[in-house]
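One chain comes next, on its own, written out as structure tokens in the form predicted on its own.
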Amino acid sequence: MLQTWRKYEHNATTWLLLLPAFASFFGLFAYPILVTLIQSFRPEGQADGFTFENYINFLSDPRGRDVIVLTFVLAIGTTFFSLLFSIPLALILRDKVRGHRFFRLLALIPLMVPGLIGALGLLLFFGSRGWFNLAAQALPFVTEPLTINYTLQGLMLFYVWLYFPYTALTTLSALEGLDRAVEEAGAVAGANPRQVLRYLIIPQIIPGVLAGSVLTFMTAFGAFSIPLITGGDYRPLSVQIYKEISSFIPAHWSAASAMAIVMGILQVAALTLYMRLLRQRQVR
């Protein structure tokens, strides 16, 4: 009897401790998602009713499909370039080159600067009279200011600057955790530096690289501050949703809710597909 009472007491204590977590999950995630889902099926401007019109209008509109494609292009491109830059940078910083702490600090700056402030700073830095163009025009072959702001290439550059640290830091952490004895053994066995990198280093840091790439993709897919300020006519899903509820009187809450649900489904689907492909590759 005493053991049964202690068991019930232990279970009650466990549920009591979990109660704040459940309340936070429901209040901050589940409830807003549920409200958004219900609103997405409401006819625009009505308090009740049910319709698929909001989804049909968005997905059948060529501009809506262009927004989805743009969102994926920015997220995938940001992830690709982050991976491309992270591994060489991590290999250099692992050797504790002179000034490595300064370069580590530079990699952390995008994470420490608020998104809106960073976006405004990038606009000023890459503007026609910004420091970048002033330095570029000092070169003999540059005669006119380079157009970077409000272009797709410039937006991709800003995305990489802001979300690159996620991949870089996890890659560097994974690389610094490797045992150098493995690399030395490979070199003693006759492997050249390229073979050591390809067959010994890269396979061991893949988990860290992939963890960073997932973070980069997810944050870039839902980016808001950077494209809102620096995107110009290039509006990914997050900005387009904001435009639907801020640029029209009355606001298009039902249309924006449908777009938000589509965005969430695409994000989860992309992450699921990505993780499945990674597992299949690891099995091989």
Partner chain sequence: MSDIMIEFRNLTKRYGALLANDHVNLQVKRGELMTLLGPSGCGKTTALRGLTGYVKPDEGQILIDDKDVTNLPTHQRQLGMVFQNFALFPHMTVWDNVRFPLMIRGVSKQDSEPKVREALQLIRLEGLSDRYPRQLSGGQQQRVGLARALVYRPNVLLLDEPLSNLDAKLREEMRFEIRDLQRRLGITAIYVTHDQQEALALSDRVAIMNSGHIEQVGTPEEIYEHPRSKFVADFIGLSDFIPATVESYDAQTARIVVAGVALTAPAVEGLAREQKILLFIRPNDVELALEAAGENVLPGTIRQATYLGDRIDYRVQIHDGIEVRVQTAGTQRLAEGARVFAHLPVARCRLIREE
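Quick caveat: nothing in here was measured; it's all calculated off a predicted structure. Residue numbers count along the first chain shown, from 1.
Not pictured, yet referred to below: the form predicted in complex with the partner chain.
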A191: heavy atom within 4.5 Å of the partner chain in the model of the complex? yes
Please determine whether L152 contacts the partner chain in the model of the complex, using a 4.5 Å cut-off between heavy atoms. no
So in the model of the complex, is the partner chain close enough to Y199 to count as touching (4.5 Å, heavy atoms)? yes
T147 within 4.5 Å of the partner chain in the model of the complex, heavy atoms: no
Though the partner is not shown here, which residues of 146 to 184 have a heavy atom within 4.5 Å of the partner chain in the model of the complex? D179, A181, V182, E183, E184
